[in-house]
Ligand code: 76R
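Presented below, as structure tokens, is a lone chain in the form predicted alone.
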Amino acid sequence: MSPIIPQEGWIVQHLFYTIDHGFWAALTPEEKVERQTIFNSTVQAIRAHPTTQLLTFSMVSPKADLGFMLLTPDLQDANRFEKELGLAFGPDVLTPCYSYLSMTEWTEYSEKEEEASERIARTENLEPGSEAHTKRVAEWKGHMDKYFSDRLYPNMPDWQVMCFYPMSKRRNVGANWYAQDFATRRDLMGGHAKTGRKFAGKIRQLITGSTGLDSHEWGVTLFAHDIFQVKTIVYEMRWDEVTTQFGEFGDFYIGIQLSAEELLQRLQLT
């Protein structure tokens, strides 16, 4: 089929399943081994597909047993891989309990080049157009190019703890995010980002857009080595005005990132 490649960014799917352990227990040892082999080969084949990442999680709490995070450029592939993962243990084993569709995206609130140029000239006392000023602007552009690439085409970490939740901005009378002017929204998001920067090295974050794609407007995926850091960053960000006045959240899902072999053991499927 013809590829369906977005103009910008990758397709992102969060897929969560429960396991029918009664059905699994009724299988013969040979059938279990066959299904384990199919699962492993399915995961390996998806991971070997060009520009595709598949992360596997043992989910914490009975909300879900098994979780996947899939990133790939082509909507056709995203759809195909999703169907394959749902049947990776054969029929009747996995039951979908939650899913979320989004896309990697760039933020409109980032500093523009002309703004950066003016800020560098003002704060560093450099004459606009001078060699030193031009060098500093070039350094800024290099940093922003990497940031742009990391947002649209991220390389996901192997950190153990994963937290996913969807969120939207309110559109209530008196608290309508979309009724605020751009400068106000940008200032509010700047404060939000400042809080997030306090967790550099402790939290890796990916914000994906889902307006028109799923039930909320963004999906937030956090990675950490310590679940305490997840709890802390979410708590501290609740005090930012952008959250207190305009934030709405869906359910939170916590997973532990494991290899396919470790995952089978954790899910008690070996």
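Position 1 is the first residue in the sequence shown; the rest follow in order. Model, not experiment: these values are computed from the prediction.
Not on display, but discussed next: the form predicted together with the ligand.
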item: The ligand in the model of the complex reached by all of W140, Y153 and F182, non-hydrogen atom within 4.5 Å; value: no
item: Heavy atom of L75 within 4.5 Å of the ligand in the model of the complex; value: no
item: V60, heavy atom within 4.5 angstroms of the ligand in the model of the complex; value: no
item: Contact test in the model of the complex: F249 vs the ligand, heavy atoms, 4.5 Å; value: yes
item: In the model of the complex, Y98 touching the ligand (heavy atom, 4.5 Å); value: no
item: Residue (of A116, A193, L126, L87) lying close to the ligand in the model of the complex, criterion heavy atoms within 4.5 Å; value: A193
item: Proximity to the ligand in the model of the complex, single hit among S149, S130, T107, N172 (heavy atom within 4.5 Å); value: T107
item: Stretch in contact in the model of the complex with the ligand, which is absent here, among 200-208, 25-33, 63-71, 46-54 (heavy atoms within 4.5 Å); value: 200-208
item: The ligand in the model of the complex - contacting residues of 232-251, heavy atom within 4.5 Å; value: I233, V234, M237, T243, F249
